[in-house]
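The chain below stands alone and is given as structure tokens, in the form predicted on its own.
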Amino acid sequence: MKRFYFEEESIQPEEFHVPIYKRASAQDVISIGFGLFVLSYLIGFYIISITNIFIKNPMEINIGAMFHSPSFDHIFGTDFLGRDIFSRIVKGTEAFFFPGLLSITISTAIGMLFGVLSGFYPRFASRIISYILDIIDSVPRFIFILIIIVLFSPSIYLIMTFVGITSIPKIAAYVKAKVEVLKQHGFIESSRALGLSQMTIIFKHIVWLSSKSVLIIHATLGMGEAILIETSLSYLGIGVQEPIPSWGNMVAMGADYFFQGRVWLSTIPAITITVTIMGLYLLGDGLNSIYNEKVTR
């Protein structure tokens, strides 16, 4: 009996599960470099925040230091209670960092599970999962967030859990499409003939080798979306509440003093939000361009 070897047959699994790369342009390099810079200071801010090193106490009120403009002692100045703005910006990363990771984890894990099940077992799982995903996709996200806030306490973890759930259909559709493509080319059957286990085929060849690019891109875009949602809700007063620092509520509190000439109170947190979200989206866009994946948000 003739044995199947990938190197001797026309079936080349690598051409199906390895993304199509292209040579990075200068724009891609700049986008990815800027995005990595933003990602590095986000992680650095979070580590500094949870360890409370290199920063002043973000909750400490100092009436004698009210409205100090940016200086050597306070590089971003102080607010209307004399609190150090830089320390509060660093501490504010806690408001979205873990909630954002929670959202990404939920959407990625459940999306991969649904995609694999509906792709591997179309007769049994595809229809049920399709109904579930259609229901999730039909729910208006912003309206449902407001319902959650009304019915429950405005917990950012609960909100980000829902954001992660609403992102499941995109991941599930992508993974399902990958499974269907590989099945059409006989890759899965050939892998089974070679003695590969079901878990190896799913997690190594489909999830890791075939889908890792879109999962990484989804993670960068998902974190940017988490920051945008958290800061928007905090700005509106229904997210993280004072005195706990959040970039959104810092912009809201500083806006009252903008036309008094104390523009740094709101503009510095606003610039931080803009630069951070733009950096994460540029990172995702640059990776998307290099991997040549079609990813939409």
Partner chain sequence: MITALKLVLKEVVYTLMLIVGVTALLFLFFNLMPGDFPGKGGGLPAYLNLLKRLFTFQFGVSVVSGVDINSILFPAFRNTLVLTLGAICISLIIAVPIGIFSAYRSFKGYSWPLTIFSYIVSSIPVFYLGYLILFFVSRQTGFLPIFYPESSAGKHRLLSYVLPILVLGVGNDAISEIVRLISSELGRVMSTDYVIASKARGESLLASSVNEGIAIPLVSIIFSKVPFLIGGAVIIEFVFNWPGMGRLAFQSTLDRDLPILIVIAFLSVLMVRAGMILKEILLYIFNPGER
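Just so it is clear, the structure is predicted and the values come from calculations on it, not from any experiment. Residue numbers count along the first chain shown, from 1. Only the largest set of C-alpha atoms that superpose within 1.5 Å between the two forms is called the rigid core.
Quick note: we don't show the form predicted together with its partner chain, though the next part is all about it.
Note on the interface: of 108 to 116, 136 to 144, 92 to 100, 196 to 204, the segment with non-hydrogen atoms within 4.5 angstroms of its partner chain in the predicted complex is 136 to 144.
Interface residue among L39, I48, A65, I30 relative to its partner chain in the predicted complex, by the heavy atom within 4.5 Å criterion: I30. Although the partner is absent here, Y157 lies well away from its partner chain in the predicted complex, with no heavy atom inside 4.5 Å. When contacts are judged by a 4.5 Å heavy atom cut-off, F120 does not count as touching its partner chain in the predicted complex. Contact annotation: A24 falls outside 4.5 Å of its partner chain in the predicted complex, judged by heavy atom distances. Its partner chain is not drawn, but in the predicted complex it has a heavy atom within 4.5 Å of S130. Contacts to its partner chain in the predicted complex (heavy atom within 4.5 Å) from stretch 227 to 248: T231, S232, Y235, L236, I238. F97 shows a C-alpha shift below 2 Å between the shown form and the other one [criterion: core-superposed Cα displacement of 2 Å]. Once the cores line up, the CA of Y174 ends up 2 angstroms or more apart between the shown form and the other one.
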